[in-house]
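Single chain ahead, written as structure tokens, the form predicted alone.
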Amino acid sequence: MANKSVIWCDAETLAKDISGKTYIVTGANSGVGLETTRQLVKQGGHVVMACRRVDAGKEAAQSFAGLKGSYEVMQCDLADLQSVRAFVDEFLSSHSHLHGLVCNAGMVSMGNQPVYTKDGLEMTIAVSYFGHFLLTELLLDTLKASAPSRMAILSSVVHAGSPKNRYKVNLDDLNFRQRKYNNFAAYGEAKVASVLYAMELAERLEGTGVTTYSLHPGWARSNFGGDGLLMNVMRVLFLPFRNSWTNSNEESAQTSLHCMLSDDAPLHSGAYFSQHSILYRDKECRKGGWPMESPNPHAKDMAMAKALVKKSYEIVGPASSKRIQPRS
């Protein structure tokens, strides 16, 4: 049964013929990413499914049989910056256009101790932000050459925090090397970073025909969080409220599709778009909005956004200096 609070894309948007357009969706083998991909293929698009597990992507894509568009599955591990670079090199070797980039993948570490990637990044922010930052920056020239084009990055209701505790990025310790680790705080900070990046990128790309968005897809009934004991216990506890509090993956894909396909979204480049969510601590935000103003002032600070991008270049830039350069 559909959730009555869902904000749906309008019929005209979901009927557009996007034949001849190319999209990349990260984390496309399951959940919201899979349903976003399915709709883009249904409308005639060609989707490159950027998946950590290629076999899982190919298996999931079998369900696209008979749809109008096409797809291909390519390996991309957002926790490995070299894998991101390799993905971009492979993509550019066979594609000269990119009309939409959906930075969909994300994760949260479930332990009480930080896990670090081979690049020395805390795992949650590595997958949710740094991997997507590098991917986007390496593809900017292609997005600009393909304009009008779009980039959307998933944030979360969690980025908003609460009136008493608003998450913000800690530029001096983005990877929890000096601070006491809290996995939920790490996730909240990573999602603030995503909102700030979309905002900064919109200003930087003004006039190029490339528009950007951050978004909250809603509380999806996906495999997010894995199958650990805590997540399984939570699923059992929330089962009576499943249909009123959460959304199907198709419903949760609506915000990404609105940002990729609607005529209205480009009028709000850099903005935050949100599906409804009971998880907002600010009650006035729970109905969502396309777009919606974030209640977190730290997610609207352009000076912080620019400082974050500069720091991000320092972290991922040196190993990719042939493709991206820090802004002066």
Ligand SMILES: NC(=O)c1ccc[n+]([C@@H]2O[C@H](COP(=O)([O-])OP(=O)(O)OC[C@H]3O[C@@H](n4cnc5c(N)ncnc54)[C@H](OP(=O)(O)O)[C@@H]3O)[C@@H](O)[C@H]2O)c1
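None of the values given here were measured: they were computed from a predicted structure. The first residue of the shown sequence is 1; numbering continues from there.
We do not show the form predicted together with the named molecule, though everything after this point is about it.
- Using a 4.5 angstroms threshold between heavy atoms, Gly45 stays clear of the named molecule in the predicted complex.
- The named molecule is not shown here, and in the predicted complex it never comes within 4.5 Å of any heavy atom of Leu81.
- Remark: His298 does not count among the residues lining the named molecule in the predicted complex, judged by a heavy atom distance of 4.5 Å or less.
- Though the partner is left out of this view, Asp119 does not reach within 4.5 Å of the named molecule in the predicted complex, counting heavy atoms only.
- Exactly one of the stretches 144-152, 104-112, 174-182, 90-98 approaches the named molecule in the predicted complex with heavy atoms within 4.5 Å, and it is 104-112.
- This chain is displayed alone, yet in the predicted complex one of Val127, Val210, Leu135, Ala186 has a heavy atom within 4.5 Å of the named molecule; that residue is Val127.
- Just one of Met199, Cys76, Val169, Ala160 comes within 4.5 Å of the named molecule in the predicted complex, counting any heavy atom, and that one is Cys76.
- Contacts between stretch 20-56 and the named molecule, counted in the predicted complex as any heavy atom lying within 4.5 Å, involve Gly27, Ala28, Asn29, Ser30, Gly31, Val32, Gly33, Arg52, Arg53, listed in sequence order.
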